[in-house]
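We begin with a single chain expressed as structure tokens, specifically the form predicted on its own.
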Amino acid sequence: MSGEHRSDVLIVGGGVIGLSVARALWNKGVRDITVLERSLPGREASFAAAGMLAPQAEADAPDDFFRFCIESNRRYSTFAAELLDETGIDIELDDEGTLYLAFTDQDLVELGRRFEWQTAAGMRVERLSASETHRLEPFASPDSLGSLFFPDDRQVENRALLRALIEFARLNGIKIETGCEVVKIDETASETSAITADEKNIQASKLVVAAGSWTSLIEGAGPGAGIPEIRPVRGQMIAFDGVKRFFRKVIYSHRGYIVPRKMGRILAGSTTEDAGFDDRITDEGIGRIRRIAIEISPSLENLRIADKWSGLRPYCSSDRPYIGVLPGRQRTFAAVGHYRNGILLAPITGEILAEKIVSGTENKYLRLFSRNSVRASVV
């Protein structure tokens, strides 16, 4: 198999992570970039997400991964403004915050624990009584006993974000090859290469694996190559069709969440299912999400389900993403296993990996997330 063509950087995977890495590389001066996508760009887990930027609502402890998520969330204002300037596409960054409801005494205990450690960590968080919660969001369930309000958690229209990243690639000559399934990657002293299912050998000076749930199926990118196992976890979602915006904030419980969008659309999710690569929508999954959404806000019972979909989240067996150079390699990098946080972590992942590829800068998080001992402390 001879080389089909050569790029400065080859990116395997055209989801939000791969596209963000491509944009960050271009902004650092790399002009010959090719993205290989097995289906269509941005149509897998990134497209199926809810767009929540909620590191405080979803965190369990003030560890390094929490700090990584917080840092990426803080970059979103600049990220959104730059994309609007670069592409003319508004990714609809929403700063209304997240409300985390308690429905049981056990929920209240958990909210109290979160309030204490997040306050100690210097994070902005407010503890609200039941009456304060209902004043803030009148359509939240009257059965809620109280809540935490995270004013710095946000949301973004993830599909608009994907459109913006794809448009950035188009405007700046970043090549995206669709229907291009990579089955093997390799590295020599002078180049890297990706072998496709139809036996094309595509070569580059450097290569980035950003293949999401399909990473471990690629020879040279699985556990044997030093990347922890990545497996798909199915998440089903629904959208209610409202006539107005009932809610201002993302409303969260330990069982699920609802995400209000413009023009009355309300997203609700999500399931967490070990179903392999089966991305089918099921009656059981959709029914469970609807019940959780109605628990959060009984007013949703009268709204019709306007849409339903599913996606395969890339779960990493180390319980954290792998970001950095592959062990024993010089030219092969990976940004995989972001699981439920691909949209949130897109800005920081693109930036720190592009810095490593272009200038060799070793960000403190790359030192953590390119080895299995990801729970070590950042120094």
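Given the structure is predicted, the values throughout are model-derived calculations rather than measurements. Residue positions are given as counts along the sequence shown, with the first one as 1.
Just so it is clear, the following notes concern the form predicted together with a small molecule, a form of the same protein that is not shown.
Whether A210 contacts the small molecule in the model of the complex should be assessed with a 4.5 Å heavy atom distance threshold; does it? Answer yes; at least one heavy atom of A210 falls within 4.5 Å of the small molecule in the model of the complex.
In the model of the complex, does G51 come within 4.5 Å of the small molecule, counting heavy atoms only? Within the cut-off, so yes.
Quick one: does G235 come within 4.5 Å of the small molecule in the model of the complex, counting heavy atoms only? G235: yes, in contact with the small molecule in the model of the complex.
Though only this chain appears here, would S270 touch the small molecule in the model of the complex if you measure heavy atom gaps against 4.5 Å? Although the small molecule is absent here, S270 would touch it in the model of the complex, with heavy atoms inside 4.5 Å.
Want to guess which of 297-305, 163-171, 180-188, 100-108 is within 4.5 Å of the small molecule in the model of the complex, heavy atoms only? Stretch with heavy atoms near the partner: 180-188.
Using heavy atoms only and a 4.5 Å cut-off, determine which of L312, A59, I348, I33 is in contact with the small molecule in the model of the complex. After the contact test, the surviving option is L312.
Looking at I218, L93, A239, M123, which has any heavy atom no more than 4.5 Å from the small molecule in the model of the complex? Contact with the small molecule in the model of the complex is made by I218 alone.
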